[in-house]
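For reference, the chain that follows is the form predicted on its own, supplied as structure tokens.
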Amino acid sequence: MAEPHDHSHSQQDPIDIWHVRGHFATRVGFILAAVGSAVGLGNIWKFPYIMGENGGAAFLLVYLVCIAFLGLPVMLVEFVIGRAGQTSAVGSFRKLSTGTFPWWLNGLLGVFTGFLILSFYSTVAGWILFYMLHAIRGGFAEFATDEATAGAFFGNWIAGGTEPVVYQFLVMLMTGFIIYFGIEKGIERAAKLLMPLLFLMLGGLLINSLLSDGAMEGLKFMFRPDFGNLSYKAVLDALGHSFFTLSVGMGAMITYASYVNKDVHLGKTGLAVAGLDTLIALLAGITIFPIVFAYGVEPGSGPGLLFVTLPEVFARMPLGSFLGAVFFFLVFIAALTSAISILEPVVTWMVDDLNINRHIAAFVAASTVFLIGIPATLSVTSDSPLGSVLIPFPGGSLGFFDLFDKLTSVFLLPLGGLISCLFMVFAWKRASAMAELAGSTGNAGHILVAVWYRIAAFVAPLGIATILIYSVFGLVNKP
């Protein structure tokens, strides 16, 4: 009887995984894509306002220490898992694990977390897109009277029902469109275009800020530490933000690293990504705080800094509408590159584990996130249809937007990062992890590789556990 035809590749016809899955054509492309993932609203929106809330320079020093001993080591853990697995986050944990413990569930947790994050992240990105277009039309001029005008405008617009949903749809359309074209032609090409553009615009705004009357006060606030104002909460905020800013815990870095060739030294690449991510956060602060001090605005304005305080400041500046449009275009680029990295693990999981065509997977994933995001978009005020729908959550009931935000930032992201570190320690050989970090061009026995392993295996899990405990029990709100 004739043998059935074997459609698989034999040893004489090895499968070319890079051709099938795609890959980053250059190390620069991978770095820019990873930086695009890390650089998002956390750098240009959240970092300046939490730095403002926590006293400036003293918070910055603590934050830099946390990046070195928490954020970077955990990101490198996800890098080595991703490249060693060369498949989705779910598949990488399944492929590399030993024993019967279901470590692959952490990959699935990352996919689920990505769905939730992008559902409300796309809402905020839609707000940014609207503000960018509003500034281009010269709309910021109406905020010149006082901050109350800008605040009322923002509140009325996000409560406007269908219009914010339309902008959220546009964000997901652009995100899905880029991912549709794959790694090299989609994500890498977009990163090579958008990230240099982000640096260029940030540099231009930075020069304008340093020439303002508030430049000296802004620089003092950022770089002259006063540890007397450093609270316990500020330390925990720095610890948490150092973890979240590098996009760890959601499978993004595992997925991106799965498309990287073996000749790339992941340790050096990780340093470049963390360094550029931190640099952009610092440049954003240097850009924003001089403007804030020049116009007598409170640096700790909180989340409203982006949508209320800064538009009112731009309205009072020469060429304010132009500078405002450039600024919001800059923030939109950061939001879009992060949205791409959040959606890609979902698409990769559908392609690698469910055998779905990438084009179909990109459409299905983007559409699903958009539909899940509609309740988040409509729940931000009591005037919207879902504004009065509250879901029980530890510490009180929340609307969909705040629920998705709190659930991911307080619990799911740190949990995913913690499990990744524990996986490396308990389910993977130490030598294999160290060799993967160095790659084919590095030295796995280098002292820095050994130091990384010890930090990732012991220090980082302790830091993440601290974030989990204090966040879940609400202790971060204590002075």
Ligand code: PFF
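Values in this document were obtained by computation on a predicted structure and should not be read as measured data. Throughout, we count residues from 1 along the sequence that is shown. Whichever C-alpha set is largest while still superposing within 1.5 Å between the two forms counts as the rigid core.
Although not depicted, the form predicted in complex with the ligand is the subject of the following passage.
Pick from 338-346, 264-272, 99-107, 308-316: which stretch has non-hydrogen atoms within 4.5 Å of the ligand in the predicted bound form?
It is 338-346 that comes within 4.5 Å of the partner.
Against the ligand in the predicted bound form, would Ser420 count as a contact residue? Criterion: heavy atoms within 4.5 Å.
Taking the distances in the predicted bound form, the answer for Ser420 is no, it never comes within 4.5 Å of the ligand.
How about Ala238: is it within 4.5 Å of the ligand in the predicted bound form, going by heavy atoms?
Contact check for Ala238: no, nothing within 4.5 Å of the ligand in the predicted bound form.
Taking heavy atoms and a 4.5 Å cut-off, does Thr175 contact the ligand in the predicted bound form?
Heavy-atom contact with the ligand at 4.5 Å: absent for Thr175.
Quick one: does Val449 come within 4.5 Å of the ligand in the predicted bound form, counting heavy atoms only?
Val449 lies outside the contact set for the ligand.
Answer with one of Ile50, Leu412, Leu41, Ala433: the residue that has a non-hydrogen atom within 4.5 Å of the ligand in the predicted bound form.
Of the candidates Ile50, Leu412, Leu41, Ala433, Leu41 is the one lying within 4.5 Å of the ligand in the predicted bound form.
Heavy atom within 4.5 Å of the ligand in the predicted bound form: which of Phe329, Phe244, Phe221, Phe154 fits that? Just give me the one.
For this set of options, the contacting one is Phe244.
For the stretch 98-131, I need every residue with any heavy atom inside 4.5 Å of the ligand in the predicted bound form, listed N to C.
If the 4.5 Å heavy-atom criterion is applied to the ligand in the predicted bound form, 98-131 yields Ile117, Tyr121.
Relative to the superposed rigid core, does His241 relocate between this form and the one not shown - that is, does its Cα move 2 Å or more?
Yes, because once the rigid core is superposed, the C-alpha of His241 moves 2 Å or more between this form and the one not shown.
After the core is matched up, is the C-alpha of Phe47 off by 2 Å or more between this form and the one not shown?
Yes, Phe47 moves 2 Å or more.
Displaced residue check between this form and the one not shown: Ile67, CA, 2 Å or over, core reference:
Yes; that C-alpha moves by at least 2 Å between this form and the one not shown.
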